[in-house]
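Before any questions on binding or motion, here is one chain by itself as structure tokens, the form predicted on its own.
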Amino acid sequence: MLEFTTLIPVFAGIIAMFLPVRLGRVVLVVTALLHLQMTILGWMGKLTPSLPGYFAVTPEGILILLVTSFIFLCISVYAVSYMSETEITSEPIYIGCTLFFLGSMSMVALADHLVVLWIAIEATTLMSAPLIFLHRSKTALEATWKYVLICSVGLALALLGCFFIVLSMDIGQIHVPITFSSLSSVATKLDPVWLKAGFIFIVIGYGTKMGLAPMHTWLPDAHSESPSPASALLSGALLNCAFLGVYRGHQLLFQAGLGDYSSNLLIGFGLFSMLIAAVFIYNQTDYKRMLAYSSIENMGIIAFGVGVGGLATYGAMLHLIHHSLLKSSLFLSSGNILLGYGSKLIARTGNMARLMPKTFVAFFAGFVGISGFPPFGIFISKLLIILGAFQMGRHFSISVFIFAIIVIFAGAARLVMKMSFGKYEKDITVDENLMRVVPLYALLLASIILSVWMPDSLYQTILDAISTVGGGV
């Protein structure tokens, strides 16, 4: 029963909220290990959903569940050490909400019913909001309210998009369950006008949660104010879950013969997100906000790649995997930097190469990887997206794409160099800890390994995921 990937974290979270802190940390890591094991069994076909009308194992869903489960384990190991060094008002609430968050994200990955998917994505908002407010400062309160209100409005629009898809069934006198698998089989019989209207609201609604511009305004504040392990989950896992909602809508339109319409929307939102990130990343003063705008850029890259189609879709799925690994490592590195320097301001950091050498290597390597340099996988994913765009004749779009990447790299490189080698006279306040370093390197190593060797089963899962929207290698 694959639904245990949702139920076990929820029950573990309830238990952890009433346990002593040390036992709660054990529950967090043990649940993460158990979740990864169940996810792998589901991926191998040894666990299946017991409620087929509401849940299903799809290639794109199980891929996102795999990524989420792996990074959650690394983040959990890191969080145990991080929480012992930082002042968290209520650690049991943090552990409980983190596990609830994992359960809701698992539900998103398995959901097949339109409304169940919407409920699951809404649940991720409610479960992650307390993580943003954990430090209980004025800025954290503002970030939390902005996150809840903007994402809730966006998800209300996504629900309206679901209603429009149901209307496309009524007008065509189609009587099938409102699941993505059932709708895909009758997609050509659905009313195209209501399908198009539904996708507009879905891409705006779920795109808000995904961090696509101009609906992205909650993201920099939320990522900046969250504890670093929570920021890593928000950027490395939550954004993928929202993307899944957009991707499922794109699949439906493609199978209905309306793929050009949804593709052009995704390309437009993707490029705009990259340009917005390029503008705001250049003069950032907060390194966590810098990473947040990088997430907006990378969600734009994924949307662009899926919109272009063909080889670029394969590149987009690779990009999703490697972005999750690298960005999670970067946010965890930022947690070490915050502990060491006691500030999120770039101006109050410097000379990290000497003062925090282990964190420096991870942070600088993460920056190199996220910028698209080898040996990390984003080099391959960006290259495939560019080649795919040229194959599809998207010459103007790819020119804007490359321009945005260059500007973002130039802006971020200036800030990272200041943090790494800039002048800094004081000593750091907290020494590096092995438990706060190993997860960073594990995530980076996973990206390197997958860029030079990919298991055939994972490769086939990606191909199966993109075949439904015309993608291929």
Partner chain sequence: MTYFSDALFSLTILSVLLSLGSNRLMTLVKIMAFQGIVVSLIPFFIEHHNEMTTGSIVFLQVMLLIKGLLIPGFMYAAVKKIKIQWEVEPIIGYHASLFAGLIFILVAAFITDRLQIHISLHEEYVHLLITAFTTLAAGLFLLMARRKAITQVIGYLMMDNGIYLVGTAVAKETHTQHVVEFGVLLDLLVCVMVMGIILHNINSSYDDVDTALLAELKDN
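Numbering follows the first chain given and starts at 1. These numbers were taken from a predicted model, which means no experiment stands behind them.
The form predicted together with the partner chain exists for this protein as well; it is not shown, and the discussion that follows is about that form.
The closest heavy atom approach of L384 to the partner chain in the predicted bound form falls outside 4.5 Å. None of the heavy atoms of E297 is located within 4.5 Å of the partner chain in the predicted bound form. Contact check for T188: every heavy atom lies farther than 4.5 Å from the partner chain in the predicted bound form. Contact annotation for E225: at least one heavy atom lies within 4.5 Å of the partner chain in the predicted bound form.
Here the marked residues L355, V361 and L463 all miss the partner chain in the predicted bound form; none has a heavy atom within 4.5 angstroms. Interface residue among V400, M392, L345, V115, judged by heavy atoms within 4.5 Å of the partner chain in the predicted bound form: V115. Among the residues Y82, F180, Y261, F164, the one placing a heavy atom within 4.5 Å of the partner chain in the predicted bound form is F164. Exactly one of the stretches 122-130, 333-341, 301-309, 368-376 approaches the partner chain in the predicted bound form with heavy atoms within 4.5 Å, and it is 122-130.
Of the residues in 135-151, those that come within 4.5 Å of the partner chain in the predicted bound form through at least one heavy atom are, in sequence order, R136, K138, T139, L141, E142, A143, W145, K146, V148, L149.
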